[in-house]
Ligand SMILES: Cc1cc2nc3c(=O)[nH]c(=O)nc-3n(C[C@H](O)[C@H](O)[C@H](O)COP(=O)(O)OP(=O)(O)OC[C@H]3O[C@@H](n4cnc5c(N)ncnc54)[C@H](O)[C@@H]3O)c2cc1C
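So this first bit is one chain, no partners, the form predicted on its own, shown in structure tokens.
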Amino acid sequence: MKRRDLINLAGLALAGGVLGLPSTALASGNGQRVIIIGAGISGLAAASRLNELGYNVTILESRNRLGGRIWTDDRWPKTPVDLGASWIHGVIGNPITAIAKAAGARTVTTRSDRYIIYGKDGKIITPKQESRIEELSVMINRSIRISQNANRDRSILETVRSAVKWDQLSGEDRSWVDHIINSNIEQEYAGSAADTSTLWFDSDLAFQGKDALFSDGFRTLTKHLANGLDIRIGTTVTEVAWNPSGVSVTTDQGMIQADKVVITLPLGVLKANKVRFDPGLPATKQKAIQALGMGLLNKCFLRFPKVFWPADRDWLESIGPVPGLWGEWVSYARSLGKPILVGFNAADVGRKVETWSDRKTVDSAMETLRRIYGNSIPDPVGYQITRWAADPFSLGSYSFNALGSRPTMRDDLAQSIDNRVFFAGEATDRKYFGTVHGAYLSGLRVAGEIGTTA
């Protein structure tokens, strides 16, 4: 699978030489004014770099906090939790690892091989069942690889069901197949298997090494990057206009003039036309916005009075009666020493669960846990639930390559306009879409573009 292709950028001087662009190649900003829309990590990365180059940078952020889809919540004493991005995915050579070190962030690793799978009966699957799941996984992966050499694209769901002869499968085998698709693709890429491109869904790259959580939350990095920057929170942009003399950004607090503007709006917000552009965006950019998918991955944090699950496992997988519902859990018992389980719901199931009340969501999660661990397990003493699709400033979690899209559309989305309007964010990064490091690198890319055209 292409996502498993690994690269190591450990030797790359990311702070000043990302994408082969040494800092000496960047011209001084000479006080030119740059407006950056969005205080997520892409906007913070771009602002920090441009600030170093002598630009007069102002960040406008609709939310009343920094970070965008990085969101560390403090409502539980001494137990910060990341409601958005949580991990450094692959610590070796990852630019986020370097930023974490510079920020003095404490991290702990989780391992994908520390897992346990429970079947519909709530019991740990047998060696025979595990062997069958592995057999089906190999069949699915092989069919996807073969289909990626075809001339016609199909959805992941169509490709897989055709390959496994869905109509001839037993009920148990169908459960395994649904779980494999949800666990390996929908939970990973956040798009529905019915909408995800077989040809291009995994056209990204990954870094080597373990994944790492932040003991004090991902906010450690955003605070570090924001240090010394002019950031105006609670300021919603409604229009971006430009001409040969500069740009005008209209907000709910008034209009701001600048020489250049950087757009880091999430793909979901661009899709919803929340911001007006004058003149309108080029046709290629509009096509990319329409064709690329905005996925969904929601979390439900359950804090318990004690750990009642296997404390040595980082991942708990459940194959339940409803495909994809509470199929993936991460435990904070071993990694962070906390009696917390985090349940994930992605794509179509995630959108359905998002419409539920808090009570119904928690009850549903507990129904799954009690099916596995018994009715005597304690009730949670606290919970936190995300609803990213309903969040007006993101309208989803992160982008994926939908059926009908192509990776080159991310290049179109990233393309600047008239040396005035620039675009960053995870959706603009062809190699690392859907990741914090992709968003961060896109911010550095934009800073490089502006610096070489000053």
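We number the residues from 1 along the sequence you see. Since we're looking at a predicted model, the values are computed, not measured.
Separately, the form predicted together with the ligand exists; it is not shown, and the next lines address it.
Checking T110, T97, S183, S86 for any heavy atom within 4.5 Å of the ligand in the model of the complex turns up a single hit: S86. Among the residues G350, G217, P266, G343, the one placing a heavy atom within 4.5 Å of the ligand in the model of the complex is P266. In the model of the complex, the ligand sits within 4.5 Å of a heavy atom of W388. The closest heavy atom approach of A193 to the ligand in the model of the complex falls outside 4.5 Å. In the model of the complex, at least one heavy atom of A439 sits within 4.5 Å of a heavy atom of the ligand. Contact annotation: S405 falls outside 4.5 Å of the ligand in the model of the complex, judged by heavy atom distances. Looking at 165-173, 78-86, 307-315, 137-145, the stretch with residues near the ligand in the model of the complex, meaning non-hydrogen atoms within 4.5 angstroms, turns out to be 78-86. Of the residues in 217-250, those that come within 4.5 Å of the ligand in the model of the complex through at least one heavy atom are, in sequence order, T235, T236, V237.
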